[in-house]
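The chain below stands alone and is given in structure tokens; this is the form predicted on its own.
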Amino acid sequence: MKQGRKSAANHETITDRKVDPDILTYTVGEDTVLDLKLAVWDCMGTAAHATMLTRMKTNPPVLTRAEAEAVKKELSAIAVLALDGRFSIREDDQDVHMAVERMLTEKLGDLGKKIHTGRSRNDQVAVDVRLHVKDELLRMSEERMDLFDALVSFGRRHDRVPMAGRTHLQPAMPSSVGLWATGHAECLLRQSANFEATYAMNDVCPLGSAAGYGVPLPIDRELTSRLLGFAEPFHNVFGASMARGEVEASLVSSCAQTMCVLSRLAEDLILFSMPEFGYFRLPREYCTGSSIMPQKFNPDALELVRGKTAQVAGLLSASVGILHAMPGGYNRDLQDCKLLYMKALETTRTTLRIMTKVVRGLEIDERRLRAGFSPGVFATDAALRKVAQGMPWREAYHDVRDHLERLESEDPDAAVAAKTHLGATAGIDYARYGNISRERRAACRRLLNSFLACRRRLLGV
């Protein structure tokens, strides 16, 4: 241990080259804060790399099995600090990778200096980001299904309650609360395809590509990929380096599209809870008041959903903008992709949770919903009844349009019950929605449990 402490004291960092302090601060950027989210994953990646180094056929070995176990023991301790929020990154570390290496060297001396063998910070951050993104995507899947289930449950409770369907915000055709709610639920469900595509793009291991050109050592990239729970390693090491930023941009794109779905739902809730409509009542505990008007209960959270959607759309523009003119190989611009994807993830996950709370507490005013039906809402139904009696559609259309004054209010319940085909007001398959939710949740949990098992095997945490 005495020799180890001496080695740690003499440990040189990549900042010992007397970089101008302003340049150092500018290039470090927000990494000392953002990288805190990557600390556990950096430890996991390093543990896999250390395991691989023990099996690399060199004489003498870069790491013995005993040395690798000592490294993994310290990595486990660092991971616990990170999980407890007690891990920190100094500015002279620059990032999480050098902070972890510094802490290993302080504890293990020269042994800590060996763990960067065959790696670059380029492939380190690439694997850290992909591990972090995998964890976030799997957890977000549960949150998307929570909102999906909340919408379906709301729709089921008020399935056949009539609600005037609208186009251009004008009364259009008979609809129902069930159709409205499950329509938004299906919009949210369709966004799963974007996240699944991002997940597949992300599930490829870049570790061992180093600076993008490989290393003259007999490393086993397939082994580290398996240890970390990836589907496969990148084949081309230059391609692995070039993939930096692509996953981040794909993830921000998926988040932006989901936020658009949430924003439209929020706008509907704002509109239909206005006194002029009064269809829905928002939970009081999710509304805010006024400093001067005692009667106010404002849908501030829902309004912020619209604003945050615009922000995430801006993050997408920035993500694509960073990549579009970048030459091949690593460039420092890629560092800024980290902030963009992390902010998009945080905003989207928070918004999903907020919207789930609002929907779960949502109430309807059935009297106001029924009052929203005017004779014109039944115009299309009247024309279609003429078709059923043998009149050509276009003739029936003009006959109704040219005599709108003849239209009378009809029974909205009967109108809702008349549409029995698949997915219409009387044809919503709630059992199907339940099956989809259970299957997706089970699949997500299997993936998450398998992934976290990899972490436990490597770090014991």
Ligand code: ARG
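What you are looking at is a predicted structure, and each value in this text was computed from that prediction instead of being measured. From 1 onward, residues are counted along the sequence shown.
Omitted here: the form predicted together with arginine. The next part is about that form.
The closest heavy atom approach of residue 149 to arginine in the model of the complex falls outside 4.5 Å. Put simply, residue 234 is far from arginine in the model of the complex: not one heavy atom of it is within 4.5 Å. In the model of the complex, residue 203 stays away from arginine, with no heavy atom inside 4.5 Å. Taking the partner from the other structure, arginine in the model of the complex has no heavy atom within 4.5 Å of any heavy atom of residue 177.
Checking 287 to 295, 117 to 125, 351 to 359, 373 to 381 against arginine in the model of the complex, the stretch whose residues place heavy atoms within 4.5 Å of it is 117 to 125. Residue 332 is the only one of 324, 86, 367, 332 with a heavy atom lying within 4.5 Å of arginine in the model of the complex. Just one of 158, 338, 107, 144 comes within 4.5 Å of arginine in the model of the complex, counting any heavy atom, and that one is 338.
Of all the residues from 21 to 47, the single one having a non-hydrogen atom no more than 4.5 Å from arginine in the model of the complex is 31.
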